[in-house]
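Quick setup: one chain, the form predicted alone, written in structure tokens, and binding and motion questions come after.
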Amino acid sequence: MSKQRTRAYKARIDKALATPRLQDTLHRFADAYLISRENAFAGHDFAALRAGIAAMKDEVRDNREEYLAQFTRNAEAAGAKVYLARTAAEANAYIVSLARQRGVKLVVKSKSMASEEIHLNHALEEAGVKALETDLGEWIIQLAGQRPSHMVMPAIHMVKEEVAELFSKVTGQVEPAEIPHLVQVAREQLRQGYLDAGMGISGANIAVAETGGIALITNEGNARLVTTLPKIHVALVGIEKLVPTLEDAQKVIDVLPKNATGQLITSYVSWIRGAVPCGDGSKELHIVLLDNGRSALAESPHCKDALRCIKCGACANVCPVYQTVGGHVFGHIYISAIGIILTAFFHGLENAAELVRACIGCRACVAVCPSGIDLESIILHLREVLGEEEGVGAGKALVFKHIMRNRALFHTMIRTASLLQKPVTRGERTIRHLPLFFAGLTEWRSLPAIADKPLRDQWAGIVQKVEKPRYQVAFFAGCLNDFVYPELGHDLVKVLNHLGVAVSFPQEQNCCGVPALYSGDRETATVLAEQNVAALLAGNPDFVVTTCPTCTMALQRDFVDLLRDHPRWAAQAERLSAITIDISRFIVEKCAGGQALAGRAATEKVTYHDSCHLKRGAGVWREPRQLLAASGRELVEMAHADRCCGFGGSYSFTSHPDIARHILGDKVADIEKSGASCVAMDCPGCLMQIRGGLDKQGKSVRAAHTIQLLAEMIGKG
């Protein structure tokens, strides 16, 4: 079943990748969004705003029964009827039954992802009730027979020519592909529906417990027509939309438009409380509070923070995978990072399985989330659950459980591979072509050869002359630095010795375990964490330095999480986390900003690529730029400097190489447009990816690790 599911999913990926118009549309929106969002939040403390929303949402989640009761009590006192639907079936049954009882034949709807979640339109149609979407985007996809590809902008994947074609079928005449004209056509076609409908159905962005009222935050007037003209208004509201007070509601209103679309405020903020007059009669207001897996999510110790979500859709706006394949591929009903989690709890883990594996782990969603949800960590947990239920695959299981855990065997096999690669390297350090079924790995990027002699075998021959060192540091190299780029280890020693720091290389260190952890094998990651904690603390170093941000995050964050309940290792993991530091930050913070490296002329224009886990994980991005500038180089910023390069470890080799290829293409284009002759970065994985892409495309730009560029300056006058 899982193999068939995977094949079907990859077929959808192939179809999306064969539609360049889709990538162009989503990229243009994403570029404009980043500028608009930055302008919208100018003068605001985003960290404080998100902390406020997170605290408020956690309060409601942890005391949801109390707030549900308070909201119900106050809403009913104001004249509304409140129904708590535990499941999608219960919600549909209530609304369908109400429509039948009132003789409703036509329902007009404003945009509601909750109604998409429970497949409400289908339930209504089966009961003989026509559902008419009145939100422009929702109406477009209703005509196209599609589902939303974005939580806020459901038809963002479509261009005006496609919309004109759809509208022409409705009107029976050729409609020009001009946006003002198409909007007018929509108004003319939808207007009578508001007057004929016996029921209006909306969602709600906020439900206020202290008043029993709801709020709709919209950019189109259709929601007000839907909620006022028909004599029956049904509001379908997920229970996570509850907030305690009007002041708390304002917190959401302050952030939601800015983070969703880059607006200071939306066109409409509509407050609805209780039944209101409707012509000569009274209007009915029915509020259907939807659980449908939300309570289970609230009880999950690993995933519960996802209920903080205010449905802004920003995690899609910044996601390189979404920008490459769109929401119809990277989503089920809900899309992108938050969609993975909601799908698992609302529609079953089997519907989220491929989405979980499609996440590249770049943490762009975490950085932009207005509720402070660590989406990547939750997705990693879901990968672990999938790994336990479905396995990680026979090949990976063999490597992780039987080879990688055995450090001596693992390293012996890598050394053997360095000999076996000779026919394809032809004496070079770069592999440009691989034979047979491996050929796809080098179609779009060249690959580095495994070094003839790993760094660990060279270490004894590295002479260090440091009198009275200011620090003794241990170097955690990681697999790529050790076995593929050992020269970076030499550069690190050269730079740190120059700054008065002595460096050791604990020979017992092993892989950081991230490949296993990110594949869902928590058990192997835990074993490797234990091995590395013991190895790195054995010499009692002042600090442990790294040149790989993924390794940095493993030592600082993952080891602590993996070993937190282990009586032997928990405290040691905390100790290692406290002394682990990325090399650029170490030089800036512990070595006077590398002043001893400054003031040396370099006639080179350099641009900088922010590695995902370095900037959005370790919080390091100013420091490398400071060091590069201090080295005398001319630093120029590329567009989208912190957009993922598409490496993602095994993501670009076995999981989703075709997606990775497109993401890398975007990065290479941005590098070339910068006009720099060199692109610097602080991650060996990014170095492999970007250097390989530049080489394969025949670009003259060289790719280098920051530590390499710093080492080049030592001894130059």
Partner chain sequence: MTGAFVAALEKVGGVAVNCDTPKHLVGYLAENAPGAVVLPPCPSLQRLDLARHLRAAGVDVIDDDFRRHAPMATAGLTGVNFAIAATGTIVLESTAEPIRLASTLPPIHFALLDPRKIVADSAVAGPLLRRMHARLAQTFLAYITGPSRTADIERVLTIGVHGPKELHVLLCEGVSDDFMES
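Because the structure is a prediction, the values reported are computed rather than measured. Residue numbers count along the first chain shown, from 1.
There is also a form predicted in complex with its partner chain; it is not shown, and the following applies to it.
- With a 4.5 Å cutoff on heavy atoms, Y194 counts as touching its partner chain in the predicted bound form.
- In the predicted bound form, Q23 stays away from its partner chain, with no heavy atom inside 4.5 Å.
- Taking non-hydrogen atoms only, V152 approaches its partner chain to within 4.5 angstroms in the predicted bound form.
- Not displayed here, its partner chain is approached by F29 to within 4.5 Å at the level of heavy atoms in the predicted bound form.
- Stretch 270-278 is the contacting one of 335-343, 459-467, 270-278, 473-481, since its residues have non-hydrogen atoms within 4.5 Å of its partner chain in the predicted bound form.
- Across the proposed site, Q142, N205 and A235 without exception lack any heavy atom within 4.5 Å of its partner chain in the predicted bound form.
- Proximity to its partner chain in the predicted bound form, taken as a non-hydrogen atom within 4.5 angstroms, holds for one residue of A88, M638, L190, I450, which is L190.
- Taking L182, I581, V527, V104 one by one, only a single residue has any non-hydrogen atom within 4.5 Å of its partner chain in the predicted bound form, and it is L182.
- Residues of 153-180 that come within 4.5 Å of its partner chain in the predicted bound form, judged by any heavy atom, are M153, P154, A155, I156, M158, V159, K160, E161, V163, I179, P180 in sequence order.
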